[in-house]
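Just one chain follows, in the form predicted on its own, and it is written as C-alpha coordinates.
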(Lines give C-alpha, C1' and ligand atoms only; values in the text may rest on other atoms or scores of the structure.)
Protein backbone atom coordinates (compact mmCIF):
# COMPACT_ATOMS: atom_id res chain seq x y z
CA UNK A 1 0.00 0.00 0.00
CA UNK A 2 2.94 2.31 -0.54
CA UNK A 3 1.71 5.83 -1.29
CA UNK A 4 -1.88 5.03 -0.29
CA UNK A 5 -3.40 6.51 2.85
CA UNK A 6 -4.27 3.82 5.36
CA UNK A 7 -6.46 4.08 8.44
CA UNK A 8 -5.67 1.44 11.11
CA UNK A 9 -8.34 -0.02 13.36
CA UNK A 10 -6.68 1.55 16.42
CA UNK A 11 -3.79 3.85 17.27
CA UNK A 12 -2.24 5.69 20.21
CA UNK A 13 -2.11 9.49 20.48
CA UNK A 14 1.16 10.76 21.94
CA UNK A 15 1.68 14.52 22.35
CA UNK A 16 4.56 16.70 23.55
CA UNK A 17 3.34 16.64 27.13
CA UNK A 18 3.54 12.83 27.08
CA UNK A 19 7.05 12.92 25.68
CA UNK A 20 8.18 15.52 28.21
CA UNK A 21 6.76 13.43 31.07
CA UNK A 22 8.73 10.39 29.95
CA UNK A 23 11.90 12.43 29.44
CA UNK A 24 11.65 13.87 32.96
CA UNK A 25 11.74 10.36 34.36
CA UNK A 26 14.58 9.35 32.05
CA UNK A 27 16.59 12.26 33.48
CA UNK A 28 15.70 11.36 37.07
CA UNK A 29 17.36 8.98 39.51
CA UNK A 30 14.63 6.31 39.36
CA UNK A 31 13.56 4.40 36.25
CA UNK A 32 11.76 1.84 38.40
CA UNK A 33 10.31 1.66 41.92
CA UNK A 34 10.18 5.43 42.39
CA UNK A 35 7.29 7.79 43.10
CA UNK A 36 5.69 7.97 39.63
CA UNK A 37 3.99 4.55 39.74
CA UNK A 38 2.19 5.41 43.02
CA UNK A 39 1.17 8.75 41.47
CA UNK A 40 -0.26 6.94 38.45
CA UNK A 41 -2.09 4.47 40.70
CA UNK A 42 -3.75 7.26 42.68
CA UNK A 43 -4.76 9.14 39.54
CA UNK A 44 -6.03 6.01 37.80
CA UNK A 45 -8.05 4.90 40.84
CA UNK A 46 -9.71 8.32 40.93
CA UNK A 47 -10.49 8.10 37.21
CA UNK A 48 -12.40 4.81 37.58
CA UNK A 49 -13.90 5.50 41.00
CA UNK A 50 -11.86 2.79 42.74
CA UNK A 51 -10.59 2.91 46.31
CA UNK A 52 -7.32 1.22 45.32
CA UNK A 53 -5.34 0.31 42.21
CA UNK A 54 -2.14 -1.63 41.54
CA UNK A 55 -0.24 -0.85 38.34
CA UNK A 56 1.53 -3.72 36.59
CA UNK A 57 3.44 -4.47 33.39
CA UNK A 58 0.51 -5.58 31.20
CA UNK A 59 -3.17 -6.40 31.14
CA UNK A 60 -2.23 -10.08 31.18
CA UNK A 61 -0.17 -9.54 34.35
CA UNK A 62 -3.17 -7.75 35.85
CA UNK A 63 -5.41 -10.74 35.12
CA UNK A 64 -2.92 -13.16 36.64
CA UNK A 65 -2.55 -11.06 39.78
CA UNK A 66 -6.32 -10.61 40.10
CA UNK A 67 -6.81 -14.38 39.95
CA UNK A 68 -4.08 -14.91 42.55
CA UNK A 69 -5.73 -12.32 44.79
CA UNK A 70 -8.90 -14.41 44.59
CA UNK A 71 -6.75 -17.42 45.62
CA UNK A 72 -7.41 -19.33 42.42
CA UNK A 73 -5.52 -22.64 42.58
CA UNK A 74 -5.08 -25.94 40.74
CA UNK A 75 -8.39 -27.74 40.29
CA UNK A 76 -10.49 -24.56 40.54
CA UNK A 77 -12.56 -23.22 37.65
CA UNK A 78 -13.40 -19.81 36.27
CA UNK A 79 -16.43 -19.06 34.11
CA UNK A 80 -15.81 -16.69 31.22
CA UNK A 81 -16.57 -16.02 27.55
CA UNK A 82 -14.74 -17.38 24.50
CA UNK A 83 -15.10 -14.00 22.75
CA UNK A 84 -12.07 -12.39 24.33
CA UNK A 85 -8.32 -12.18 23.92
CA UNK A 86 -6.74 -15.48 25.00
CA UNK A 87 -5.11 -13.86 28.07
CA UNK A 88 -8.44 -13.88 29.95
CA UNK A 89 -8.34 -17.68 30.03
CA UNK A 90 -4.55 -18.12 29.88
CA UNK A 91 -4.09 -16.32 33.19
CA UNK A 92 -6.29 -18.93 34.84
CA UNK A 93 -4.12 -21.68 33.38
CA UNK A 94 -1.08 -20.01 34.95
CA UNK A 95 -2.59 -20.80 38.36
CA UNK A 96 -3.44 -24.40 37.42
CA UNK A 97 -7.16 -23.59 37.21
CA UNK A 98 -9.50 -24.44 34.35
CA UNK A 99 -11.47 -21.97 32.19
CA UNK A 100 -15.09 -22.91 31.52
CA UNK A 101 -16.57 -21.09 28.52
CA UNK A 102 -20.16 -19.88 28.42
CA UNK A 103 -21.74 -19.00 25.07
CA UNK A 104 -22.64 -15.43 24.13
CA UNK A 105 -25.60 -13.24 23.36
CA UNK A 106 -25.22 -12.99 19.55
CA UNK A 107 -26.54 -9.43 19.49
CA UNK A 108 -23.99 -7.97 21.91
CA UNK A 109 -21.11 -10.44 21.76
CA UNK A 110 -21.13 -10.51 25.58
CA UNK A 111 -21.31 -13.63 27.74
CA UNK A 112 -24.96 -14.71 28.03
CA UNK A 113 -25.87 -14.07 31.67
CA UNK A 114 -28.72 -16.57 31.43
CA UNK A 115 -26.24 -19.39 30.75
CA UNK A 116 -23.82 -18.71 33.60
CA UNK A 117 -25.53 -20.54 36.42
CA UNK A 118 -25.75 -23.79 34.47
CA UNK A 119 -21.96 -23.73 34.12
CA UNK A 120 -21.33 -23.48 37.87
CA UNK A 121 -19.83 -26.60 39.49
CA UNK A 122 -18.45 -27.28 42.98
CA UNK A 123 -15.05 -26.28 41.56
CA UNK A 124 -16.15 -22.87 40.29
CA UNK A 125 -14.32 -20.02 42.05
CA UNK A 126 -14.65 -16.89 39.89
CA UNK A 127 -16.98 -15.45 37.25
CA UNK A 128 -14.99 -13.37 34.77
CA UNK A 129 -17.24 -11.16 32.60
CA UNK A 130 -15.52 -9.44 29.67
CA UNK A 131 -16.81 -6.00 28.68
CA UNK A 132 -16.32 -6.76 25.01
CA UNK A 133 -15.58 -3.74 22.78
CA UNK A 134 -16.30 -1.44 25.73
CA UNK A 135 -19.95 -2.40 26.31
CA UNK A 136 -20.51 -3.34 29.98
CA UNK A 137 -21.97 -6.71 30.86
CA UNK A 138 -25.05 -6.89 33.08
CA UNK A 139 -23.00 -6.69 36.27
CA UNK A 140 -26.01 -6.51 38.59
CA UNK A 141 -27.24 -9.89 37.35
CA UNK A 142 -23.73 -11.38 37.46
CA UNK A 143 -23.17 -10.17 41.02
CA UNK A 144 -26.50 -11.68 42.03
CA UNK A 145 -25.47 -15.08 40.65
CA UNK A 146 -22.08 -14.83 42.35
CA UNK A 147 -23.64 -13.98 45.71
CA UNK A 148 -26.13 -16.85 45.48
CA UNK A 149 -23.39 -19.34 44.64
CA UNK A 150 -20.62 -17.98 46.87
CA UNK A 151 -18.36 -16.93 43.99
CA UNK A 152 -15.94 -14.07 43.32
CA UNK A 153 -16.25 -11.70 40.35
CA UNK A 154 -13.27 -10.33 38.41
CA UNK A 155 -14.15 -7.95 35.58
CA UNK A 156 -11.99 -8.09 32.47
CA UNK A 157 -12.37 -4.39 31.76
CA UNK A 158 -9.44 -4.14 29.34
CA UNK A 159 -11.83 -2.70 26.71
CA UNK A 160 -13.89 -0.65 29.12
CA UNK A 161 -11.98 2.27 30.60
CA UNK A 162 -14.61 5.04 30.77
CA UNK A 163 -17.61 2.72 30.50
CA UNK A 164 -20.37 2.91 33.10
CA UNK A 165 -23.62 1.32 34.30
CA UNK A 166 -26.24 3.79 35.53
CA UNK A 167 -23.47 6.34 36.06
CA UNK A 168 -21.33 3.90 38.09
CA UNK A 169 -17.94 3.65 36.42
CA UNK A 170 -16.50 0.28 35.45
CA UNK A 171 -13.58 -0.11 37.82
CA UNK A 172 -15.41 1.14 40.91
CA UNK A 173 -15.94 -2.56 41.75
CA UNK A 174 -19.49 -1.94 42.92
CA UNK A 175 -20.46 -5.31 41.47
CA UNK A 176 -17.10 -7.10 41.54
CA UNK A 177 -14.15 -8.01 43.72
CA UNK A 178 -11.62 -6.65 41.24
CA UNK A 179 -11.48 -5.10 37.77
CA UNK A 180 -8.60 -5.46 35.32
CA UNK A 181 -7.44 -2.89 32.75
CA UNK A 182 -4.93 -2.77 29.89
CA UNK A 183 -2.88 0.19 28.64
CA UNK A 184 -1.75 -1.30 25.33
CA UNK A 185 -1.31 1.39 22.62
CA UNK A 186 -4.73 0.75 21.04
CA UNK A 187 -6.57 1.11 24.36
CA UNK A 188 -8.13 4.30 25.78
CA UNK A 189 -4.85 5.44 27.32
CA UNK A 190 -1.43 3.91 26.88
CA UNK A 191 1.64 3.36 28.99
CA UNK A 192 3.35 1.54 26.10
CA UNK A 193 2.54 -1.79 27.67
CA UNK A 194 0.91 -1.87 31.08
CA UNK A 195 -2.12 -2.77 33.12
CA UNK A 196 -3.82 -2.27 36.46
CA UNK A 197 -6.01 -4.06 38.95
CA UNK A 198 -8.67 -1.92 40.62
CA UNK A 199 -10.13 -3.12 43.91
CA UNK A 200 -11.91 -1.93 47.03
CA UNK A 201 -9.89 -3.85 49.62
CA UNK A 202 -6.71 -2.21 50.93
CA UNK A 203 -5.54 -5.63 52.09
CA UNK A 204 -5.80 -6.97 48.53
CA UNK A 205 -3.98 -3.89 47.25
CA UNK A 206 -1.06 -4.57 49.58
CA UNK A 207 -0.97 -8.21 48.53
CA UNK A 208 -1.04 -7.17 44.85
CA UNK A 209 2.00 -5.00 45.52
CA UNK A 210 3.83 -8.04 46.85
CA UNK A 211 2.68 -10.34 44.06
CA UNK A 212 3.95 -8.00 41.33
CA UNK A 213 7.38 -7.89 42.97
CA UNK A 214 8.42 -11.52 43.54
CA UNK A 215 6.17 -11.96 46.60
CA UNK A 216 8.63 -9.92 48.65
CA UNK A 217 7.55 -7.75 51.58
CA UNK A 218 9.92 -4.82 52.13
CA UNK A 219 8.31 -3.35 55.25
CA UNK A 220 10.77 -2.50 57.98
CA UNK A 221 10.29 -4.71 61.01
CA UNK A 222 10.65 -3.70 64.65
CA UNK A 223 12.52 -6.90 65.42
CA UNK A 224 15.15 -7.25 62.68
CA UNK A 225 16.38 -10.83 62.56
CA UNK A 226 19.23 -10.49 60.03
CA UNK A 227 19.96 -6.99 58.74
CA UNK A 228 18.78 -3.33 58.80
CA UNK A 229 17.22 -3.82 55.34
CA UNK A 230 15.48 -7.06 56.18
CA UNK A 231 12.82 -8.23 53.73
CA UNK A 232 11.20 -11.57 53.11
CA UNK A 233 9.52 -13.49 50.32
CA UNK A 234 6.21 -14.63 51.77
CA UNK A 235 4.72 -16.29 48.69
CA UNK A 236 5.59 -16.99 45.07
CA UNK A 237 5.20 -13.79 43.07
CA UNK A 238 6.35 -12.44 39.73
CA UNK A 239 8.20 -9.48 38.32
CA UNK A 240 5.14 -7.67 37.01
CA UNK A 241 6.24 -4.16 37.99
CA UNK A 242 5.39 -1.15 35.84
CA UNK A 243 8.37 1.11 35.09
CA UNK A 244 8.51 4.75 36.11
CA UNK A 245 8.74 5.68 32.41
CA UNK A 246 5.48 3.88 31.62
CA UNK A 247 3.78 5.41 34.66
CA UNK A 248 4.88 8.92 33.65
CA UNK A 249 3.31 8.39 30.24
CA UNK A 250 0.16 7.10 31.94
CA UNK A 251 -0.09 10.09 34.29
CA UNK A 252 0.12 12.42 31.29
CA UNK A 253 -2.36 10.40 29.21
CA UNK A 254 -4.93 10.43 32.03
CA UNK A 255 -5.09 14.22 31.70
CA UNK A 256 -6.75 13.65 28.31
CA UNK A 257 -8.85 10.59 29.12
CA UNK A 258 -12.15 12.49 29.05
CA UNK A 259 -11.25 14.02 25.68
CA UNK A 260 -10.25 10.63 24.30
CA UNK A 261 -13.54 9.10 25.44
CA UNK A 262 -15.61 11.95 24.05
CA UNK A 263 -13.91 11.69 20.66
CA UNK A 264 -14.54 7.95 20.53
CA UNK A 265 -18.21 8.56 21.26
CA UNK A 266 -18.40 11.24 18.56
CA UNK A 267 -17.01 8.83 15.97
CA UNK A 268 -19.32 6.06 17.17
CA UNK A 269 -22.29 8.42 16.89
CA UNK A 270 -21.32 9.24 13.29
CA UNK A 271 -21.07 5.54 12.50
CA UNK A 272 -24.40 4.72 14.12
CA UNK A 273 -26.20 7.47 12.26
CA UNK A 274 -24.50 6.70 8.93
CA UNK A 275 -25.06 2.94 9.05
CA UNK A 276 -28.64 2.99 10.29
CA UNK A 277 -30.75 0.69 8.12
CA UNK A 278 -27.81 -1.09 6.46
CA UNK A 279 -28.86 -4.53 5.28
CA UNK A 280 -25.47 -6.23 5.16
CA UNK A 281 -24.60 -5.89 8.85
CA UNK A 282 -25.84 -4.91 12.29
CA UNK A 283 -24.16 -2.96 15.10
CA UNK A 284 -23.63 -3.71 18.78
CA UNK A 285 -26.44 -2.07 20.80
CA UNK A 286 -25.97 0.37 23.67
CA UNK A 287 -28.84 -0.35 26.08
CA UNK A 288 -30.26 2.42 28.24
CA UNK A 289 -28.17 2.92 31.35
CA UNK A 290 -25.08 1.31 29.83
CA UNK A 291 -22.34 3.71 28.72
CA UNK A 292 -20.19 2.18 25.98
CA UNK A 293 -16.47 3.05 26.01
CA UNK A 294 -16.01 2.20 22.29
CA UNK A 295 -12.61 0.59 22.39
CA UNK A 296 -13.91 -1.23 19.31
CA UNK A 297 -16.73 -0.62 16.87
CA UNK A 298 -17.86 -4.09 15.69
CA UNK A 299 -19.97 -4.65 12.60
CA UNK A 300 -21.77 -8.01 12.55
CA UNK A 301 -22.31 -9.15 8.97
CA UNK A 302 -25.10 -11.49 7.93
CA UNK A 303 -22.67 -14.24 6.89
CA UNK A 304 -19.02 -15.06 7.29
CA UNK A 305 -18.55 -14.91 3.52
CA UNK A 306 -19.88 -11.33 3.48
CA UNK A 307 -17.53 -10.40 6.32
CA UNK A 308 -14.51 -11.86 4.54
CA UNK A 309 -15.31 -10.06 1.32
CA UNK A 310 -15.88 -6.76 3.15
CA UNK A 311 -12.53 -7.16 4.92
CA UNK A 312 -10.71 -7.55 1.59
CA UNK A 313 -12.55 -4.68 -0.09
CA UNK A 314 -11.85 -2.32 2.81
CA UNK A 315 -8.19 -3.35 2.97
CA UNK A 316 -7.83 -2.51 -0.70
CA UNK A 317 -9.24 0.98 -0.07
CA UNK A 318 -6.87 1.60 2.86
CA UNK A 319 -9.33 0.93 5.71
CA UNK A 320 -7.53 -1.61 7.89
CA UNK A 321 -9.97 -3.62 9.99
CA UNK A 322 -9.52 -6.34 12.60
CA UNK A 323 -11.49 -9.37 13.74
CA UNK A 324 -12.29 -9.73 17.47
CA UNK A 325 -11.95 -12.53 18.32
CA UNK A 326 -11.21 -16.05 17.31
CA UNK A 327 -12.95 -17.82 20.22
CA UNK A 328 -10.44 -18.97 22.81
CA UNK A 329 -11.74 -22.54 22.58
CA UNK A 330 -10.99 -22.48 18.82
CA UNK A 331 -7.24 -21.90 19.34
CA UNK A 332 -5.17 -25.06 18.67
CA UNK A 333 -3.66 -24.97 22.17
CA UNK A 334 -7.12 -25.15 23.72
CA UNK A 335 -8.38 -27.69 21.21
CA UNK A 336 -5.43 -29.89 22.17
CA UNK A 337 -6.63 -29.64 25.79
CA UNK A 338 -10.04 -31.00 24.76
CA UNK A 339 -12.00 -27.78 24.28
CA UNK A 340 -14.26 -27.48 21.24
CA UNK A 341 -15.78 -24.58 19.34
CA UNK A 342 -18.89 -26.74 19.19
CA UNK A 343 -19.44 -26.12 22.90
CA UNK A 344 -20.15 -22.45 22.14
CA UNK A 345 -21.63 -22.34 18.62
CA UNK A 346 -22.98 -18.81 18.90
CA UNK A 347 -19.51 -17.50 19.77
CA UNK A 348 -18.00 -19.21 16.74
CA UNK A 349 -20.74 -17.84 14.48
CA UNK A 350 -20.18 -14.34 15.91
CA UNK A 351 -16.44 -14.60 15.23
CA UNK A 352 -17.08 -15.60 11.61
CA UNK A 353 -19.28 -12.55 11.04
CA UNK A 354 -17.56 -9.81 13.12
CA UNK A 355 -15.42 -6.98 11.72
CA UNK A 356 -13.95 -4.15 13.82
CA UNK A 357 -13.69 -0.92 11.83
CA UNK A 358 -11.31 1.93 12.76
CA UNK A 359 -12.08 3.98 15.85
CA UNK A 360 -9.50 5.98 17.81
CA UNK A 361 -9.31 9.56 19.12
CA UNK A 362 -6.72 10.82 16.63
CA UNK A 363 -9.04 10.11 13.70
CA UNK A 364 -9.96 13.28 11.85
CA UNK A 365 -13.43 14.05 10.52
CA UNK A 366 -12.19 13.27 7.01
CA UNK A 367 -10.78 9.94 8.25
CA UNK A 368 -14.10 8.98 9.84
CA UNK A 369 -16.09 10.08 6.79
CA UNK A 370 -13.73 8.09 4.54
CA UNK A 371 -14.37 4.99 6.66
CA UNK A 372 -18.13 5.57 6.38
CA UNK A 373 -18.00 5.91 2.58
CA UNK A 374 -15.75 2.89 2.24
CA UNK A 375 -17.95 0.69 4.45
CA UNK A 376 -21.07 1.77 2.58
CA UNK A 377 -19.48 1.00 -0.77
CA UNK A 378 -18.31 -2.38 0.51
CA UNK A 379 -21.81 -3.14 1.83
CA UNK A 380 -23.37 -2.27 -1.53
CA UNK A 381 -21.04 -4.72 -3.21
CA UNK A 382 -22.32 -7.48 -0.92
CA UNK A 383 -26.05 -7.12 -1.48
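Positions refer to the first chain, counted from 1. Since the model is a prediction, treat every value here as computed from it, not as a measurement.
Not pictured, yet referred to below: the form predicted in complex with a small molecule.
Shown alone here, residue 65 lies farther than 4.5 Å from the small molecule in the predicted complex, counting heavy atoms only. In the predicted complex, at least one heavy atom of residue 194 sits within 4.5 Å of the small molecule. Mapping the unseen interface onto this chain, residue 327 falls outside it, with no heavy atom inside 4.5 Å of the small molecule in the predicted complex. At the 4.5 Å threshold, heavy atoms of residue 158 reach the small molecule in the predicted complex. A heavy atom within 4.5 Å of the small molecule in the predicted complex is found for one listed residue only; from 252, 190, 108, 84, this is 84. Note on contacts: among 130, 97, 102, 165, the single residue with a heavy atom within 4.5 Å of the small molecule in the predicted complex is 130.
Shown alone, this chain has one stretch from 342-350, 30-38, 51-59, 327-335 that lies within 4.5 Å of the small molecule in the predicted complex by heavy atoms: 51-59.
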